[in-house]
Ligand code: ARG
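So this first bit is one chain, no partners, the form predicted alone, shown in structure tokens.
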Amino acid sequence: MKLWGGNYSTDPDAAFWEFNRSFPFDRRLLPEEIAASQAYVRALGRAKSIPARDAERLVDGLGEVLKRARRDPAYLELDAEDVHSFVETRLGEIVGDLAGQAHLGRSRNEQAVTALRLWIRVAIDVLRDGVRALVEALAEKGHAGAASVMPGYTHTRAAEPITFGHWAAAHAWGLVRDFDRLGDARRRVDVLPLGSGALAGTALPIDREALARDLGFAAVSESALDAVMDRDFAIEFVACCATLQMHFSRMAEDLIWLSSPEFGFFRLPEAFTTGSSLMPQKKNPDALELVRGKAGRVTGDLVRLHTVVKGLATGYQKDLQEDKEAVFDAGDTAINSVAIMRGVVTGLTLDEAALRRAASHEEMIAAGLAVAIAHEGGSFRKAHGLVGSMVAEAQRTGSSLRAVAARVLASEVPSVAARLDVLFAPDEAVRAKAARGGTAPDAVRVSLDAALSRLRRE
């Protein structure tokens, strides 16, 4: 069961053996370990380090191990130290002593990092597909609500009218950057460490480039010592997941409070809410709250990885066994979260009347009014002060801002006073922001289409 121990006279301490074992969590790397081992024994065969017929028997035997594990979960119930020793033990049951030749010239140091790179590569592809689908859902909703006016907020206070499409585009573009970051991370993951040995490389005449092609890697590592100790790729992947989860959290926060009865802008799909054990009327946004809460979890995974590697000496150290659970947790959490967010966005409905009522609050026109006054000549700072004084008067007297503006501007800036109907109309206010990236409906549609275009180039 152990791949070592020839110079030991006693078994490991029982408590330490359990403390040391990684098989309870690295068993999920079994498909990757099998694929890498099959590629490696094929490379040994090509290099004539083992007979071609032995390479074929090993490849077939490794494939049988994976088939048995998939067919019967109980097959995995073995007191193995790690996934590598599990594979060799089970392979020995199929091909006998020949199983030991699969490890010829190979170290678990390079095996572990190869399998992890293969796992992350697939996880990135799954995540990018999920992000693409979520952006598509946001774009569809955003196009439908490109002209739906609603309040825009700064400091959680109503600021200026925007459109729902503008809100959707803002979140879509954050996700586009996540998509790009994951793509960049994948390029650095896509490097083969196999053939590095424990730290010094291999003395066998293995064609590492052919081995890389066999496993679909784009490049081979250039330093054996770096290859076995490097976890930059894992840290970068988890960092991408943490940033992605942060974007999910921010979107979830908006949807949570803006769908509350006090706002009522959105109705969440019932399938993504739960009820209360005490209060029959409740439909709680638990899916979104969990997504928001898991942002802290994934950030914790990132801190965990940084802390593990920060003080390690050059070369492989057993501390690096702690990389996998953080990587698995971050990847699983992000993959599950993106599916939840897509479901929520797809099922989201807008209450157009509630949005319009909230967007019609006159004080949100203050900034546009100041710009209109300054545009007629004079200082924007003076216009800002003038509008500020009108807002203060309206609040003090209980009058509407529009009524105060009509009285004050009739003498101060009559050309603006004549346009108050237009200036105070939320639809006109958003149409005025027509520059690229603005909240005008046409600008929003262009923005959403550009986001989709960025994702569909690959």
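Position 1 is the first residue in the sequence shown; the rest follow in order. Small disclaimer: the values here were computed from a predicted structure and weren't measured.
Heads up, the form predicted in complex with arginine isn't pictured, but that's what we're talking about next.
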Can you tell me which of 330-338, 368-376, 210-218, 77-85 lies within 4.5 Å of arginine in the model of the complex, counting heavy atoms only? 77-85
Between the options R267, R357, R71, K318, which residue brings a heavy atom to within 4.5 Å of arginine in the model of the complex? K318
Answer key, arginine contact in the model of the complex at 4.5 Å (heavy atoms) among T202, S259, S249, N109: the residue is N109
Kindly indicate whether S22, D26 and K324 are, all three, within 4.5 angstroms of arginine in the model of the complex, using heavy atoms. yes
